[in-house]
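The chain that follows stands alone, in the form predicted alone, written as structure tokens.
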């Protein structure tokens, strides 16, 4: 695994493009009206975060960052996209919530931030943008205080072996990708606003559960749990159906696989 600088530049342009779109298509009214956007599973697994210092990696437009602030945390969000952070700052002003945002590629963060935190948080749709999992885990360890925790919620890597353009479950991509990226062209409907066609391409990476687990333990963290779920926050596969609780699930008889997971780890 080595850092892919070209991927960072490709993907930064992508997120700069869609940030204003997401500023309108994400459910920001909930935050503005005094609520938060973290799902019940995350809230339960995070536990009480009131008064905790939390570093949010790959925060995009800050909806989850500000949700953590709404629950009482002192938050710092970082992201590679300046346009995303402009939306985040505007949203912070509208909500009256206090948050610090830092524009930086993830792997450059150690040159821009010195302090340590009670928790590192990152969720959802984040690991596909990470080109070097070992360095990612090292940065998480760097920013945790002794006894501090990492919380990750992410789409399950097993889900990503399937073709997302057809119904049913047809294996199209390797689970064991070896860190080899996939280059996706533009001209696709945005996952948050299907009426917007994304123009910019992306370069994405796929990591197995074992690679994710081992990168963290190799960095010196202790895995507290890995939980797997049958729901997702967006329509990740063509066969998925939106349920009454707002989440997407595979219908019978396809609903036999994990499509989301969460992980908590602590710094020894």
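Note that the coordinates shown come from a computational prediction; the quantities given were computed from them, not determined experimentally. Residue numbers count along the first chain shown, from 1.
There is another form of the same protein, the form predicted together with a small molecule; it is not shown, and what comes next is about it.
**Contact test, all of 155, 160 and 206, partner the small molecule in the predicted complex, heavy atom 4.5 Å** = No: no residue has a heavy atom within 4.5 Å of the partner.
**Request:** Using a 4.5 Å heavy atom cut-off, state whether residue 181 contacts the small molecule in the predicted complex.
**Result:** No, residue 181 is distant from the partner.
**Asked** Just to confirm, residue 58 within 4.5 Å of the small molecule in the predicted complex by heavy atoms?
**Response** Heavy-atom contact with the small molecule at 4.5 Å: present for residue 58.
**Message:** Please determine whether residue 151 contacts the small molecule in the predicted complex, using a 4.5 Å cut-off between heavy atoms.
**Reply:** Contact with the small molecule, no.
**Message:** Please determine whether residue 231 contacts the small molecule in the predicted complex, using a 4.5 Å cut-off between heavy atoms.
**Reply:** Answer no; every heavy atom of residue 231 is more than 4.5 Å from the small molecule in the predicted complex.
**Message:** Looking at 197, 116, 167, 104 here, can you tell me which has any non-hydrogen atom within 4.5 angstroms of the small molecule in the predicted complex?
**Reply:** Partner contact (heavy atom, 4.5 Å) among the options: 104.
**Message:** Please identify, from 88-96, 135-143, 167-175, 104-112, the stretch that has a heavy atom within 4.5 Å of the small molecule in the predicted complex.
**Reply:** The contacting stretch here is 104-112.
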